[in-house]
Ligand code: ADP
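Heads up, the chain below is alone and in the form predicted alone; it's given as structure tokens.
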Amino acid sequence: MRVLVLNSGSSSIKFKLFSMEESIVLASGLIEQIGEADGRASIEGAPGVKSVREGKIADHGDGLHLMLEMLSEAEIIGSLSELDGIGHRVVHGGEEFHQPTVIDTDVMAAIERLSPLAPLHNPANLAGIRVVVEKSPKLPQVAVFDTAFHQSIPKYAYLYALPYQLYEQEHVRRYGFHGTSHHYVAKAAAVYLEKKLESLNMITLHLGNGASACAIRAGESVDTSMGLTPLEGLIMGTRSGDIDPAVLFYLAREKGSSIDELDALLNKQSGLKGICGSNDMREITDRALEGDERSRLALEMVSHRLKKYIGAYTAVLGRVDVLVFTGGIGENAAQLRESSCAGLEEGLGIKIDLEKNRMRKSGIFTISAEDSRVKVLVVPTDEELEIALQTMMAISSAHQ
């Protein structure tokens, strides 16, 4: 069974093609700067098979056509008809979608209807779906929603203390994101520890340019840091995370900032970039070691916010068995892992082995000390593989 996973952004398409029987990646790639003059497409197949093209890519349709052309040239697949299904990462499923869903016209309409909740993401996700429908209308497609894993969060945890009619009429509530990643690493951690997922309480930290924390009890999300949108919660690459909402009123009054300007401020100009001018964790860490005060401050702020969420979710869960670091930063930034757990030894039972933490390894590995009450793991995430697995299961269920 061959499954293609598409993650369509507003100006990009990230893809990965899996052979599910052999559990291998046949090809992966990125179509970027769609709609701009200097577009770029790249694919990687078997070792030594790499192809890059540059030039204008008008829209998502052109991008997918170019992807197929390059896959054909590399003799990986000749057309969409050779696939058994396509899985799409769809950011927002609102309250309507609790699990991977085979796409039909009703599902497409629902994704479009939910676009105001994720205006930067859902329209782009939908564009990729529509292109495939035009090119190969009988090919099964599955939507895997970033929000679905968090649908188990209880009402008292997902509601905001706002007038209740805003929830009833405008669907204002916490939805949470990165659900595919949190679910994948939780399952992988349980397998690694040779424990049943249902027997474990976990805190998972997905740390990349976007970052979120999740409290997982017996395999189900019971709280998460992102909210109505991916803006709430941890400090991120360019997003502020938690702030006093009155900051926005203040800036609107004192500076005359518009809604669009405030949106750009919090989503694109804040976070690590706002503090020290860069959202590249490697660069920030290097600059901090060289004595740059702002970079050092940025790292301290990030680890402080992480500690607050670790502590809060320990209280929510009552007992924590496993703490997981994942995502590009979580998997590679040893210093941040160390600083985020420093001081949590006695109160929370989280103790890092500094030597284990600083070793560079592939795959899952333990970084907690032998006498740590909580197991601390680094678990590489693979959202695309999780989407492919969920796509295969959804298609199989639909055929039963």
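Residue numbers here begin at 1 and follow the sequence given. As the structure is a prediction and not an experimental result, all values here were calculated from the model.
The next section is about a form of this same protein that is not shown, the form predicted in complex with the ligand.
Heavy atom within 4.5 Å of the ligand in the model of the complex: which of G327, G85, G128, G94?
That would be G327.
If you check R113, R282, K196, R253 against the ligand in the model of the complex, which one has a heavy atom within 4.5 Å?
Checking each option against the ligand in the model of the complex, the one that comes within 4.5 Å is R282.
Do N209 and the ligand share at least one heavy atom pair within 4.5 Å in the model of the complex?
Answer yes; at least one heavy atom of N209 falls within 4.5 Å of the ligand in the model of the complex.
Counting only non-hydrogen atoms and a 4.5 angstroms cut-off, does A333 reach the ligand in the model of the complex?
Looking in the model of the complex, residue contacts with the ligand include A333, since a heavy atom lies within 4.5 Å.
Against the ligand in the model of the complex, would R360 count as a contact residue? Criterion: heavy atoms within 4.5 Å.
Looking in the model of the complex, residue contacts with the ligand include R360, since a heavy atom lies within 4.5 Å.
Pick the stretch from 213-221, 274-282, 156-164, 302-310 whose residues have a heavy atom within 4.5 Å of the ligand in the model of the complex.
Contact criterion met by 274-282 only.
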